[in-house]
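One chain is shown next in structure tokens, namely the form predicted on its own.
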Amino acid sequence: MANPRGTWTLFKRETQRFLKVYMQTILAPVVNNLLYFAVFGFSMHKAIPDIQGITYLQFMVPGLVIMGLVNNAYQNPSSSIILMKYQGIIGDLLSIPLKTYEIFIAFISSALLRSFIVGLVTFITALFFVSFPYTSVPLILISAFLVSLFFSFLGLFVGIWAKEFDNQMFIQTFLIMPLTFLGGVFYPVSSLPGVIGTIAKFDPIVHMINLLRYGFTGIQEISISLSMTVLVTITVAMGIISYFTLRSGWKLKN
């Protein structure tokens, strides 16, 4: 790395940016997920029969962890770059003595950290209410890392592409949120009827939740090897796209 101190400085800047408003960036999404946990879990779990030998609460928690990872990995780089555009300092990002891959590493690393913090706090809080058999801890860690990495890449790309925060929220509201809710957070994907069930299997978040849920509980609705192949493929593809978009200076140099 040509300028490790500069990369570390940019990483610290991005990290301090979300830590300074931790009530909004860390506590708020955790409380949000816990509300889902309370409303759907405690109000419905007694009325819903066990799913493949596990309780509804055990079934639901991996999906809530995924929601925390997804939203925060996406929001960190996208909101940061758009804010820099608003402040008129985006040119500084291109003029600092850092190579493209060093800027890329700093933004993505900070997004991963925020994502991990929210996901971990959500999981730890859930442990007060439910326990897990833990089929594969390595798979849990690998899956969580790849999910966070994919949405960090996506957030970086959206931040570069977007002209304003409305564009960022449009992607989150009309793409990420529907895919998340159709991804089987609160129900087995196999329970969806006909065409809807078939379409849902093309939702990448279905594969993400499938991997994490299998790691926690041993339940799988889709082949684990297929889900891992899908996740690795889309993560690598999104990483390449976001890196070369940053490198080109598209919508940044102007």
Partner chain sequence: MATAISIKNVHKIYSKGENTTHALKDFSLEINSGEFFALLGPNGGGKSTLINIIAGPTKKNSGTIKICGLDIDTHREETKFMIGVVPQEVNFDSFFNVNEVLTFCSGYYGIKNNQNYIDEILEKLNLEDKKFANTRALSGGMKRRLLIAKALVHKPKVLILDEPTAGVDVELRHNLWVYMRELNKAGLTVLLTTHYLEEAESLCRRTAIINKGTVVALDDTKKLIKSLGNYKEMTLNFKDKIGKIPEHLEQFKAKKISDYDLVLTFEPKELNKVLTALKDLNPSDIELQSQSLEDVFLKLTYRS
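Residue numbers count along the first chain shown, from 1. Quantities reported herein were computed from a predicted structural model and do not represent experimental measurements.
There is another form of this protein, the form predicted in complex with the partner chain, and it is not shown here; the text below is about that form.
Under a 4.5 Å heavy atom criterion, is Val21 part of the interface with the partner chain in the predicted bound form? It does: once the partner chain is placed as it appears in the predicted bound form, Val21 has a heavy atom within 4.5 Å of it.
Answer for Leu98 alone: is it within 4.5 Å of the partner chain in the predicted bound form, judged on heavy atom distances? Yes, contact at 4.5 Å.
Contact of Pro133 with the partner chain in the predicted bound form (heavy atom, 4.5 Å): Residue-level check for Pro133: no, no contact with the partner chain.
How about Gly91: is it within 4.5 Å of the partner chain in the predicted bound form, going by heavy atoms? Because a heavy atom of Gly91 falls inside 4.5 Å of the partner chain in the predicted bound form, the answer is yes.
From the candidate stretches 142-150, 125-133, 170-178, 81-89, select the single one in contact with the partner chain in the predicted bound form, where contact means a heavy atom within 4.5 Å. Selected stretch: 81-89.
If the criterion is a non-hydrogen atom within 4.5 angstroms, does every one of Gly197, Lys201 and Ile209 touch the partner chain in the predicted bound form? Verified in the predicted bound form; spot residues all out of contact, no.
In the predicted bound form, residues of 158-173 near the partner chain [heavy atom within 4.5 Å]: Residues within 4.5 Å: none.
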